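The chain below stands alone and is given in structure tokens; this is the form predicted on its own.
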Amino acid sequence: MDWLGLSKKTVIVTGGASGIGKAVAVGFSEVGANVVIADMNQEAGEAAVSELSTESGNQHRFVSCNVTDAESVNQMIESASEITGQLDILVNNAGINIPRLLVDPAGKEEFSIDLWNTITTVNQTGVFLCTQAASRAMLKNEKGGVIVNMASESGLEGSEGQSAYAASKAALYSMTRSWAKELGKHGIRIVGLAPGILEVTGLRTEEYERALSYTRGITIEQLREGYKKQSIPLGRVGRLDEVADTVVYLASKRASYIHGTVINISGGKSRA
């Protein structure tokens, strides 16, 4: 029984070659959806596609895509639509995070305008371009669709040393709510998801941890200890599959009245 109603639906997951995106792609494949992994890392993307389930006879493909380039995004949408003739679901997961301080008296790790623009262009403009192109495709087919925006718990709480990332994710809250008011009348649902601290992935590099620990005036060891339990009421970090399961549910017919909101998935973590 296709309880979720996702069998043979076509899904795009941007930034799907690794981390949360890869887990989401696996989750959709396991419920019978056709999955398009869109990423700039072709080797990792193609490897990720090879790991997706095809037990339901579903089809998967990798598409090289730069979410900040409109032409590249349009080509991604066209490629996905070729599978069944329509696009059903878009997961806006692609994003970057490079820790820096607003002002660093030591002059080591301070934001430049170029770095600030890079983060906001990928995390905000990329979501705009992908959502606009996907919405056009969904409107053309007149069968509606679902768009899931990957925000972050830091978008509400803020994050020391990660102001550009947090601000770009905060924008997704408003974009989700605003576009829900525009797209809902056309049968397109749009929801957001805000993960908190998650298990280690390849994106949490030594360079990332070094920069973040520097901006917070602590050691890398202290930073890693902070990942664990202190600020999380459930007493553990989240798993990627827990995020993926939530995305799959939100995109399904079982969540058909969830629209224009952002779901927090952080184990209860908050400023308090």
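Since the structure is predicted, the reported quantities are computational estimates derived from the model, not experimental observations. Residue numbers run from 1 along the displayed sequence.
Here the subject shifts to the form predicted together with a small molecule, a form of this protein not shown in this document.
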Report whether the minimum heavy atom distance between Cys65 and the small molecule in the model of the complex is within 4.5 Å.
yes
Can any non-hydrogen atom of Ser56 be found within 4.5 angstroms of the small molecule in the model of the complex?
no
Going by a heavy atom distance of 4.5 Å, is Ile232 a contact of the small molecule in the model of the complex?
no
Could you tell me if Ala170 has a non-hydrogen atom within 4.5 Å of the small molecule in the model of the complex?
no
For the small molecule in the model of the complex, the stretch among 98 to 106, 149 to 157, 78 to 86, 174 to 182 with residues bearing a heavy atom within 4.5 Å is 149 to 157
Candidate site Thr10, Val91 and Gly192: all three near the small molecule in the model of the complex by heavy atom within 4.5 Å
no
Pick from Val26, Ala211, Leu223, Met40: which residue has any heavy atom within 4.5 angstroms of the small molecule in the model of the complex?
Met40
Using a 4.5 Å heavy atom cut-off, which residue among Leu198, Ala164, Ile188, Ala133 comes into contact with the small molecule in the model of the complex?
Leu198
